[in-house]
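The chain below stands alone, shown as structure tokens; this is the form predicted on its own.
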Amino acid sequence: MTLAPNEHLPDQDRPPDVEPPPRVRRARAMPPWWFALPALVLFAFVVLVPSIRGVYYAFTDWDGLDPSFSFVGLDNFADMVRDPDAVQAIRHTLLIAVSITVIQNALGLLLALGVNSAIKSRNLLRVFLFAPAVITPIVTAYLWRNLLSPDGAVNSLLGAVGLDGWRQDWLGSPQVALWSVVGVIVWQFAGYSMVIFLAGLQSVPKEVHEAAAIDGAGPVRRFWSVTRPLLAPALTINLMLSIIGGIKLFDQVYALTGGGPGHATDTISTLIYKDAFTLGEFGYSIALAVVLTIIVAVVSAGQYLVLSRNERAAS
């Protein structure tokens, strides 16, 4: 048994108990959440109060400049339902979010499995594959806008290898512009998903794999029955980050295509920007922002519930 300091001393030799100062006693008596109060107050003034006030403007016809405006009730939301551009932007947003989530995480998992193997250049490959994730999204977008232009490097490379039929205006064609945007985002953030999956893979005990191999399980069986359940937390994090990031996507889309050609790549975020700062329809754009917030909240909550249940079942 371990004795506390001075517990072995006779009573007459023990130092007297020192009464803590009043300031320390008051601090110990305070509930722990009091220490978070300054941050909560700052969050309320900077984020919460402006957000709640902004929701009110979604029910007005405010143009962003005129101090006088009218309360129009649900008219902005009714206009949104009748607006084909808004409906198309919502469809594009969900399509981009789902595509990015599926492709980026599948590619990230394959890359993680590859660089987790015992190859000599695995550390160099990890740095090389993760490098695009640390570049500013705007810089990445402008870089790829030049590469994907009609006379850019991508079309030149296709022509050099004899694939002239594949050359096209990657960002100017309504049929492929949206998928070009998805490809650029997957290129940038697949390494980010790889790092999270790699952390999950390295937490899997080697003894478990060795025991499964001794029992006769092949690589595919070992991955499905041993690795996959233990990767559930990493999968949950990756899916949450990619789906929320895909729904809120703005900067890469706007820098690559500006939402065009026409409205072929418009998302809810780019439409909010155009309606607010180009057309001066702040009330309508805030109504779109409210819908975007609801979509993010609903998708995030549903995804969290499903993935948490699967994670508990896998463990």
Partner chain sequence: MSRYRPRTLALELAMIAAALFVGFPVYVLVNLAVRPASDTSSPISPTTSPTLDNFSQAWQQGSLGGALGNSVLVTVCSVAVVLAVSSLAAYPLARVTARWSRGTYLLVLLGLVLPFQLASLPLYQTMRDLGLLGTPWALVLFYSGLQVPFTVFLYVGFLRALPRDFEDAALIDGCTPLQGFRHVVLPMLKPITVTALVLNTVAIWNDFFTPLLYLSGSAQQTMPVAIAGFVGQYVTDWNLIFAALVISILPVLLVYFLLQRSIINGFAGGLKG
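Residue numbers count along the first chain shown, from 1. Between two forms, the rigid core is the largest collection of C-alphas that superpose within 1.5 Å. Treat the numbers as computed from the prediction; the structure is a model and nothing was measured.
In what follows, reference is made to the form predicted together with its partner chain, a form of this protein that is not presented.
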Okay, which stretch from 110-118, 169-177, 97-105, 83-91 lines its partner chain in the model of the complex, with non-hydrogen atoms inside 4.5 Å?
110-118
Of these, 239, 72, 212, 125, which has a heavy atom no more than 4.5 Å from its partner chain in the model of the complex?
125
Does at least one non-hydrogen atom of residue 59 fall within 4.5 angstroms of its partner chain in the model of the complex?
no
Residue 153 near its partner chain in the model of the complex, any heavy atom under 4.5 Å?
yes
Can you tell me whether residue 279 touches its partner chain? I mean in the model of the complex, with a 4.5 angstroms heavy atom cut-off.
no
Counting only non-hydrogen atoms and a 4.5 angstroms cut-off, does residue 146 reach its partner chain in the model of the complex?
yes
Are all three of 165, 182 and 227 close to its partner chain in the model of the complex, meaning a heavy atom of each within 4.5 Å?
no
Would you mind checking 126-146 for residues with a heavy atom within 4.5 Å of its partner chain in the model of the complex?
126, 127, 128, 129, 130, 131, 132, 134, 135, 136, 137, 138, 139, 142, 143, 144, 145, 146
Taking the rigid core as reference, does residue 35 move its C-alpha 2 Å or further between the shown form and the other one?
yes
